[in-house]
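Only one chain is given next, in structure tokens, and it is the form predicted alone.
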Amino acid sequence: MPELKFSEAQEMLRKVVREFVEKEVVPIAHRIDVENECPVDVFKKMGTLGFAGVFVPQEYGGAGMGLTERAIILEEISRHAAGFAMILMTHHLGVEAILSYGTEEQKRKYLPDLASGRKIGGLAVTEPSGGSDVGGQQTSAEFKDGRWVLNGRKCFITNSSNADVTVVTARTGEDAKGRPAFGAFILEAGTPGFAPGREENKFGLRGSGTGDLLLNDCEVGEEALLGAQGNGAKLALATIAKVGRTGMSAISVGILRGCLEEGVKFAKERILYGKPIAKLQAIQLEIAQNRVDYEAARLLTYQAIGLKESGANCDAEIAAAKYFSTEAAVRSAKRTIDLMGGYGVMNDYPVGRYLRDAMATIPSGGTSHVMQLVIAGQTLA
């Protein structure tokens, strides 16, 4: 199939990622899904190749690349194991928050270990009151005697039990207009009063542990505050839009690619009425629709990422890419199962996992309804 035109360096990166995935991820993709376990050892191997710090400047131990290269990495991993890609995607959320909002001291303290994969990162915003209602967060941070004391509960947090460094948002009081003000804090695993709680049993994107984070009189110093006090909500929304939604789009493009390739392979090998079912027009129509969804999602995703890298105000374009690609991945996985008939529902084939993973991409980083509101809001402005 024709490819989007990437630079020679980007195509070399894709080749390196593909070889790594074939060697290290494909053999354990089914096990990751069944056992719902994060293969930390494989994550650390990704770190040595620069995947964990792909967009981190070299001065902080990163690869010094960009969001396009990150999307290539996530797409290639998600062709076979979207749940594993989700671990890396969420790690990048914590990395981005520290990179864009941290002091020089914070960057030099945390980024080298995160960029190398020696440590896993995360971002904790969502609470039981709702993920999209950032202003409704109840987790509190009170400044007492030169220390911040955090109390509350975060839920649906990916990497909750695996992350070594998590950026946590909390309400710090009120601003000058009496509105809730929020801060962001860098918390390390093992900090007294900060611990993972219940882990969720997701039906999709398994292997990327998702669960609660509990804060019970968790005390940290002033140096844990990330960015200016009162900047927590802005930090969360900007990081989720820039890294979360583009990441979920790239993961969905990978799922779409996996569906297309699996459907083509099966259609050519499955013999019915004395010939491959690829010769049947009904099957060709399903393959064609999968191809269109894949191509459209890929173009939307990489264009939105390119706009973001150029500095453009492109929240609507990112939301459109996330909305289309996640919904298209669900459609494509369902079509692939349909064209495979009874084989499609057998766990010997990965398409059932593709469908479950695709469904799980929709609420991550903002539901389809929220994405449509973002698109409409910027379009009507």
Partner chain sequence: MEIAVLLKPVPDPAQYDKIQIDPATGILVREGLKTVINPEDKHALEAALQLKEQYGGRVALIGMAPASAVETFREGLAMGAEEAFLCSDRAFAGADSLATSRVLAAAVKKAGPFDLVLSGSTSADGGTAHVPSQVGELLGFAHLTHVIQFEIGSDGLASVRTKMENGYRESRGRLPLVLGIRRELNTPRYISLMGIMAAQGKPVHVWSLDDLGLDKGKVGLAGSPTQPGKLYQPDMKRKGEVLQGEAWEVAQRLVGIFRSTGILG
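Positions refer to the first chain, counted from 1. All values derive from a computational prediction rather than experimental measurement.
Form predicted together with the partner chain: not shown, discussed below.
The partner chain is not drawn, but in the predicted bound form it has no heavy atom within 4.5 Å of residue 89. Residue 360 falls outside the set of residues with a heavy atom inside 4.5 Å of the partner chain in the predicted bound form.
Interface residue remark: residue 23 is counted as part of the site for the partner chain in the predicted bound form, having a heavy atom within 4.5 Å. Not displayed here, the partner chain is approached by residue 63 to within 4.5 Å at the level of heavy atoms in the predicted bound form. Checking 348-356, 308-316, 324-332, 50-58 against the partner chain in the predicted bound form, the stretch whose residues place heavy atoms within 4.5 Å of it is 50-58.
Among the residues 213, 97, 73, 297, the one placing a heavy atom within 4.5 Å of the partner chain in the predicted bound form is 73. Contacts to the partner chain in the predicted bound form (heavy atom within 4.5 Å) from stretch 6-21: 8, 9, 12, 13, 15, 16, 19, 20.
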